[in-house]
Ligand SMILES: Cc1ncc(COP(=O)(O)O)c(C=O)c1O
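As a starting point, one isolated chain is supplied in structure tokens, in the form predicted alone.
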């Protein structure tokens, strides 16, 4: 069986270097060899995060890390601002409510438009929230928010949390410059490794806040546990087992990215994004995000009512062995086409849209 071409908003087909490294050997999740691998990988990930602060590897999905961060930061009644509109913004806002937070949503009236940063600044000064949460690249809408402008208005006593899940490894990240306190990536999207591990970074400001807290708010679901184990068990600086094959794959992917150069990686993703948008427009797919606001890792476009997005996705997989997604997450008739990591390639984009075009023509 030939694996499908994963032109979805993650997971993506991994870099060959990531697969090769994962298959190179199997080692236990402790001992000198694994510790060397672990710290080498973590230190290289710091370069991708653009930080000198601590980076951790969580053996699970990114939503689990988001929930852990919100649980660790929020006390009952704390205000937290969520930026933008989309499936994942809504999900994380709901999680904040479950932990007693008081979410405030700032979003444009139109899906696919960026927020008004002046409005954000006004509300920040009005309510002094505990935290601001940004989904940098919202894959349900294809929108990339302006993190430079947003970060410039964050208050000194407010934590800045960024979901970089679908863009980590695709653009040059500047966590320290952007004053990010918690940044969440993922292994098998733009990073191009195997799925199952979530790299995340914590600022010194947030780390000190967590350590100063007198009690735990859980075990694995509390940042305090992860921070403490880094120093508590030098031979095993994480509270649970980690998967050595996945860590090896992350190392292989990060090495590939650093060898290509992160600026070159970003250029490649933006070039492929532009090409994807041109192909979409040429076959009548209306781009959802406004011009200049598109994520470089996913193209989201709407179809007219003559075509059914789910049918097109099903036919593309059945007849062309290419997997794409739809905009069912936000209740619209449209397509979501990922082009991240290894899959940010001209031949993959051309093959995907050629198949979509042929399916659309079959309607007539």
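Residue numbers count along the first chain shown, from 1. Since the structure is predicted, the reported quantities are computational estimates derived from the model, not experimental observations.
A second form of this protein, the form predicted together with this ligand, is not displayed here; the remarks below concern that form.
- Checked against this ligand in the predicted bound form, the candidates 250, 190, 135, 143 yield a single residue with a heavy atom inside 4.5 Å, and that residue is 135.
- This chain lacks the partner; the member of 285, 165, 180, 170 within 4.5 angstroms of this ligand in the predicted bound form by a non-hydrogen atom is 165.
- Although the partner is absent here, residue 200 lies well away from this ligand in the predicted bound form, with no heavy atom inside 4.5 Å.
- Although the partner is absent from this view, residue 139 contacts this ligand in the predicted bound form, with a non-hydrogen atom inside 4.5 angstroms.
- For residue 62, a non-hydrogen atom is located within 4.5 Å of this ligand in the predicted bound form, even though that partner is not displayed.
- Using a 4.5 angstroms limit between non-hydrogen atoms, residue 92 touches this ligand in the predicted bound form.
- Comment: 182-190 is the region of 95-103, 233-241, 69-77, 182-190 lying near this ligand in the predicted bound form, near meaning a non-hydrogen atom within 4.5 Å.
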